[in-house]
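The chain that follows stands alone, in the form predicted alone, written as structure tokens.
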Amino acid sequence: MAAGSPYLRVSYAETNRIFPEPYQRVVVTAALVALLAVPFFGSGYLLHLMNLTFLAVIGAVGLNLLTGYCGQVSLGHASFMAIGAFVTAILTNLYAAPFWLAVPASCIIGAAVGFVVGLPALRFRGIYLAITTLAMHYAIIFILTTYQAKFGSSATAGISIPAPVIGSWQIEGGRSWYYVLLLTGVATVLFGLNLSRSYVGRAWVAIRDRDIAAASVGINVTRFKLLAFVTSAALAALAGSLGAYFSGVVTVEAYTLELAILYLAMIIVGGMGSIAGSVLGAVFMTLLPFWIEHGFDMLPPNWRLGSTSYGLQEAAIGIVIILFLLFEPKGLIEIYRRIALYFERWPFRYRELSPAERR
């Protein structure tokens, strides 16, 4: 490869750039311009779907930092989102806390709970860690259910939240929320990308691959595991807080174990240990139910079987997880990498050596 080639790496700094290839910077710039223009051309339904996707991206990045990078399996991600939502509801309704104060406070409290949960999780790994976080999920949901039943308007209606106000600007409507969530989603992705390239991210990867070896080279395994739980919980609480404001109501029924499984599906489908994979997985899994529903709407009326589309939406999550684990365990991001590598090396083609040639 020529010395002037844009794909030649001559230093670690070049290898560690967020967008190492020239075309990536062009694609990302074009994507951002297109996203900024969506509210001027898209329908209200499209804006709603995009807002849901931005919220999913925030939560997926947080879970991928914990599970994909640090290797700590968690089934309690939905409970951290519930904490962020309920703290926001309490601060807004009881203390009239403004938007700029309620959201950071929700993240701080979510991070504090993540620290507490991370303490017993330090002694477990694998399936035992998953069961520990699952038990924590049900404990938190029980507490929030009790609070909703006693202090909410009803046991099932949830707790209403007024539209947030920043200065003289009231964040209300699909277009206003689009830009708020887009900005927050982009900031979260950049935070995840920079954190994953830092000493913290490399320490997490070392712990994920072999925690004993990581400890032997001087990495404080306890400290970095706790940091992973705290960071993931804070981002989950951020998604829950913004989601509460966006929907205008907080109800514990929205934060089920199925939601935690959905976020696991996002990082599995998108790619474990990849921030870009978190984005791809969040987009795919958020829009998948709507694609299925749209497909049923295109069928003749006599072919529609009542709630069959809803059942398929639920089953599709498990089916997609199984298919990706069987045929593409590295997720959508690996498909992108193979396609990008093909065009970068074109017209040359990589061919694996046969067993006879390896001898």
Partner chain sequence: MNARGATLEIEDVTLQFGGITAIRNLSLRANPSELLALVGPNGAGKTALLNCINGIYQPTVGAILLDGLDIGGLPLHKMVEHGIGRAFQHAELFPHLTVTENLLIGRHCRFRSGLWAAGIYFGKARREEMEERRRVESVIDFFELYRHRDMQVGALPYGVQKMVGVARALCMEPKLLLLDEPCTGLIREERENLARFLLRINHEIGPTVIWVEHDMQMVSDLADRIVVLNHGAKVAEGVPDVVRRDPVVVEAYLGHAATA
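Numbering follows the first chain given and starts at 1. Because the structure is a prediction, the values reported are computed rather than measured.
Just so it is clear, the following notes concern the form predicted in complex with its partner chain, a form of the same protein that is not shown.
Note that among 219-227, 282-290, 93-101, 139-147, the stretch whose heavy atoms approach its partner chain to within 4.5 Å in the predicted bound form is 219-227. Only one of Phe246, Phe191, Phe124, Phe115 lies close to its partner chain in the predicted bound form, with a heavy atom inside 4.5 Å, and it is Phe191. Contact with its partner chain in the predicted bound form, defined as a heavy atom within 4.5 Å, holds for exactly one of Tyr128, Trp169, Phe151, Tyr199, namely Tyr199. For Gln72, no non-hydrogen atom is located within 4.5 Å of its partner chain in the predicted bound form, even though that partner is not displayed. In the predicted bound form, Leu134 stays away from its partner chain, with no heavy atom inside 4.5 Å.
Under a 4.5 angstroms non-hydrogen atom cutoff, its partner chain in the predicted bound form has Arg208 among its neighbouring residues. In the predicted bound form, Ala203 approaches its partner chain with a heavy atom inside 4.5 Å.
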